[in-house]
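To begin, one chain is listed below as structure tokens, in the form predicted on its own.
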Amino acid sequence: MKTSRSVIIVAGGSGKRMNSDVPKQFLLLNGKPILFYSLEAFHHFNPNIHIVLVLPESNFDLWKSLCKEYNFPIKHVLAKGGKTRFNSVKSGLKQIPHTELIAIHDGARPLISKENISVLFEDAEKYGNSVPSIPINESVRIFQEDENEIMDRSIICIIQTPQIFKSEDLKKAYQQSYEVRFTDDASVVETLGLKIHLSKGDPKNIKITRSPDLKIAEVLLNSH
């Protein structure tokens, strides 16, 4: 029997770095809101997956109007976002029923593929968790105060989402208080003493943060 699955899609971004008055997750990508793509990817992967979308409460009405305008049919539950990503995920977890595996995904990563999601869930079933990563191609330097030095890029990788964990591990990890070092879900879960499994990520699974990212995403979408 297939493991029961849920996903929390976190979309608490603003339009500041995009130079937009509209939060970036609602900007149009190839004619539809960026956020639609993530929900569609997980729905296409598994039509029965339980989807929780975490948004600032002030964006609820805008989101509902967009769903109505574009006839967006995918069933999901809304959860109120917090001041930090940590608090937003914690809020989303309250909307998760009994499930064995929970994925956490950035709503600003619209190019996540059904195939990549499938691999990550398979790895999570096998290893207990799954965190997508890709190698760094550029040179990397570390700096402290006025000093800097080269780092070996072969021992560094870029971390993506969705990050997938056993439900009991994730919920237990999010019972602790927020710390600045919690930059993603893996950094929260590993405080339990659990080993994080790095899975193969996808270079196309970019995070849209600034205006050029939107143009890159359009090119990648149109190249399929």
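Note that the structure is a prediction, hence the values are computed from the model and not measured. Don't overthink the numbering: it's just position in the shown sequence, from 1.
Keep in mind that the form predicted in complex with another copy of the chain is missing from the display, and what follows is about it.
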item	value
All of 70, 78 and 111 with a heavy atom within 4.5 Å of another copy of the chain in the predicted bound form	no
In the predicted bound form, the residue from 158, 28, 66, 192 that sits within 4.5 Å of another copy of the chain by heavy atoms	158
Listed range touching another copy of the chain, judged in the predicted bound form by heavy atoms within 4.5 Å, from 94 to 102, 115 to 123, 133 to 141, 70 to 78	133 to 141
Contact of residue 216 with another copy of the chain in the predicted bound form (heavy atom, 4.5 Å)	yes
Exercise: residue 184 in contact with another copy of the chain in the predicted bound form, heavy atom 4.5 Å	yes
Distance check, residue 198 to another copy of the chain in the predicted bound form, heavy atom within 4.5 Å	yes
Sequence-ordered list of residues in 144 to 162 near another copy of the chain in the predicted bound form, where near means a heavy atom within 4.5 Å	146, 147, 148, 149, 150, 151, 153, 154, 155, 156, 157, 158, 159
